[in-house]
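Just the one chain here, the form predicted on its own, laid out as C-alpha cells.
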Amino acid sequence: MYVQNAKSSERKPVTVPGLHAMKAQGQRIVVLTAYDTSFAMQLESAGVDVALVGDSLGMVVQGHRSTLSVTLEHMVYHTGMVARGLSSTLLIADLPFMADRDVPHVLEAGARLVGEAGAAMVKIEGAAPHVLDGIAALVARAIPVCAHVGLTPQSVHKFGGFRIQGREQAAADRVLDEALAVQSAGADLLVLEGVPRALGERVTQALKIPVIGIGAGPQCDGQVLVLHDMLGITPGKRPKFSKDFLAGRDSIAAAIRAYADDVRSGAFPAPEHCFD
C-alpha cells in the first residue's frame, strides 16, 4: 500500500495483505513492468505499488514477436536486476512459457524466482487444470500467486493473435469462471487482460482478490501497463489500451509519476483505452 511518511519521505513496503486492504478500501493499485535496476529505481521513486517483471521482455527487450521465447533463466536474470532496484515496491515475476507444464516444474520455477531472484510473488497464465494444480502447490509452499486470465499472451497461437477475449456471452462467462477458479485455487491477485470493460467490471465485483486490468476497463482494482508502451518507445503501433505518458513531459520520472497519478485518480484508463 502506498503510504507516504511526511517526516522521512519513506513509504511502508507493499505487501500481499496490503494489496487486499487496498481493494477493500477502494484504493487503486498501480502496477508497471520493469526489466532492469535503473528502471526499477524509477518505479520505486514514483511510488508505483507493484513492479512486474513480465515475459513481455521477450518482445520489448529481446525483439521477438511474442513472449514464447523467454526462458526461466531469462526471468531469473531480469527479476534479480529489478529486485536490486527496489526496497518497498512489491515485485512479481512471470512464469515463462511451459514452466507450468506440471507441478514439479512450477515449484522449481517459483523457488528460483522467489528464493534466488528475489520476487515476492509469481504470475502464471490461464486456468487449465494443471495451472490450478500449480497455483495450489505454490500457495501450499507459501509462494503467493498472481493469476492471469482473459487475453493470455502465451496462448497467442491458440487465439490466432493478440485478440480481445470475452466479447460474446459464452466467452465472457468462461473468463469469469476462470477468474473464480484461480481465486479458489489460492491466487492472491489477478491480472485481467484484453476484455470488454463491462466484463472487467463484472469480474472485479465477483472476486474477493484484487483485479489488475490491462485493457480491461476502468473499474478494475488497479492497472498495469508495459513500461515501453507507456513511454511511447515500443516500435510500431501502440496498443489501444495504452497511453504515451512521456508525451509532453520532460523526463521518464515525470511520465511514470503521471501514470501513477492517473491510475489512482481514475483518469486512466479513459474511454478511448477501453473495449466495448
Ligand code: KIV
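From 1 onward, residues are counted along the sequence shown. No experiment lies behind these values; they were computed from the predicted model shown.
There is also a form predicted together with 3-methyl-2-oxobutanoic acid; it is not shown, and the following applies to it.
- Of the heavy atoms in V226, some are within 4.5 Å of 3-methyl-2-oxobutanoic acid in the model of the complex.
- The closest heavy atom approach of H78 to 3-methyl-2-oxobutanoic acid in the model of the complex falls outside 4.5 Å.
- At least one heavy atom of L52 is located within 4.5 Å of 3-methyl-2-oxobutanoic acid in the model of the complex.
- Using a 4.5 angstroms threshold between heavy atoms, V191 counts as touching 3-methyl-2-oxobutanoic acid in the model of the complex.
- None of 38-46, 242-250, 203-211, 54-62 except one has non-hydrogen atoms within 4.5 angstroms of 3-methyl-2-oxobutanoic acid in the model of the complex; the exception is 54-62.
- Along 112-143, one residue reaches a heavy atom to within 4.5 Å of 3-methyl-2-oxobutanoic acid in the model of the complex: K123.
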